[in-house]
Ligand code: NAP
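One chain follows as structure tokens, the form predicted alone.
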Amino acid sequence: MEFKDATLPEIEAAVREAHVAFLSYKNLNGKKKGEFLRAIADEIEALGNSLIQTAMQETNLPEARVVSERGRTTGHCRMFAQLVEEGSWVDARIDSAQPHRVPAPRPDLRKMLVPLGPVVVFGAANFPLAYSTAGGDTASALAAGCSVIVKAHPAHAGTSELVASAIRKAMIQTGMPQGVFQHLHGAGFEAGQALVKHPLAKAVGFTGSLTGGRALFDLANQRPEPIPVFAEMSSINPVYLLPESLAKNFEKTALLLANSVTQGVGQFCTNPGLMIAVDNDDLKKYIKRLGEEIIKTPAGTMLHQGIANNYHKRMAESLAQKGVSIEAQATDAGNNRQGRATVVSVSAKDFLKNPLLAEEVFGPFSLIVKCADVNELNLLAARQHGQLTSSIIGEEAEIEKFQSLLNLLREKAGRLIINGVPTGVEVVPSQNHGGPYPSTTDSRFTAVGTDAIKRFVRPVAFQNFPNSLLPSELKNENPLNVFRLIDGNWTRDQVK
């Protein structure tokens, strides 16, 4: 099915409707917003097999993966429904007036988080459901009290349209303001640029390439009124293989990393694109065993032709660099939309001299960096860019000897992993899916987990407000079930 790109007048109308809807939607209580989010989840599930088949046809993902991703999407909606119904996320704080304080009286001050306004969400190429139309960005923005304008990804426009229809049904069913969710198509850059530049847009959520994310970030900051952009962009997720562990567990580690590199044809933002180890006989054994697994992995069809073309291009560029050699490569299936799993290696000396080798190759690709010794390994870690994740594979006692490395990686990544792989992002409150630039544009926030809501809110303090004019979360007789910090003590007000 063909989908028409939104025109500038249609974009203008959509953002203005989203703005008008926001003015009333922002005042709804957590119970009403939770009802809306749960209805979205129910309506997505009600789409049934038509959604699954459409997503499979557009992305070539297997049925099990699409079903799993649908569950993650509806789970996200219900998770945020529970969050806003419970209410403590607003971080309500009350410092009561002290009129007799000396040398000066203290005014009554109350503070909470409030929504920013209409949020522009860009559908992600590699997650047609979980990071797209009703994905984590949309769910968290709606939970915050923001209206949302989604720009569908053209690679799975039909899937996006189906999910949008489910959200519209949920809006009607729960009596939401017309325009609280808007859905637009645009195969080129024009629609996205117009949305970000619109003066009524107040924030942006994006998952994609460094080039795309940085372009949106720059555009948002060139506006007369700059707006926040949370863009998840580029991460090679280095894995540090410590010597003692590699000597004892090279085979187990090789299997673990081979599965992670090739999972989903490597099309995950947490794919381990870099392995770093001291060059010795144990590393040679590891590379041999890893190569055996890589070679027998069949080439897989990638999500769309653009991703496949970029993978082939970036891999060819990497292979052309000085000192880079292929350690193992899966059989070429002869289809230019397929991605061959590939592992290459290079010396740390050549890696450090060549910034291109530190760039992401999105797909089933990983680069092994061979260090002359532990000092060179630490030097390489110090030169790393910001990452979503960094992993250490090592014995517990051995890792204790590498405390300096562990402390350094805390400055380089949003999630630190011991004896595990970065793929498999759990959707739980303690998750952090963000990191220092260039992995994201703002390392203070996460795209996954309940704290994702904080991307689309800001604090507001209310000084000397009469109780009748305060938001319900800050009133003395609070009717909501929320935690409030009152004069330094946390208290929970029960539902009345």
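All values derive from a computational prediction rather than experimental measurement. Start at 1 with the first residue shown and count on from there.
Quick note: we don't show the form predicted in complex with the named molecule, though the next part is all about it.
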In the predicted complex, does each of 30, 80 and 114 have a heavy atom within 4.5 Å of the named molecule?
no
With the partner left out here, check for me: in the predicted complex, does some heavy atom of residue 359 sit within 4.5 Å of the named molecule?
no
Examine residue 209 and determine whether its closest non-hydrogen atom to the named molecule in the predicted complex is within 4.5 angstroms.
yes
Mark residue 392 yes when one of its heavy atoms lies within 4.5 Å of a heavy atom of the named molecule in the predicted complex, and no otherwise.
no
Applying a 4.5 Å heavy atom distance criterion, does residue 310 contact the named molecule in the predicted complex?
yes
Among 249-257, 377-385, 325-333, 230-238, which stretch has residues with heavy atoms no more than 4.5 Å from the named molecule in the predicted complex?
230-238
Only one of 125, 149, 167, 277 comes within 4.5 Å of the named molecule in the predicted complex by heavy atoms, so just point that one out.
125
What is the one choice in 413, 367, 269, 201 with a heavy atom within 4.5 Å of the named molecule in the predicted complex?
269
Using the arrangement in the predicted complex, list in sequence order the residues of 54-88 with any heavy atom within 4.5 angstroms of the named molecule.
none
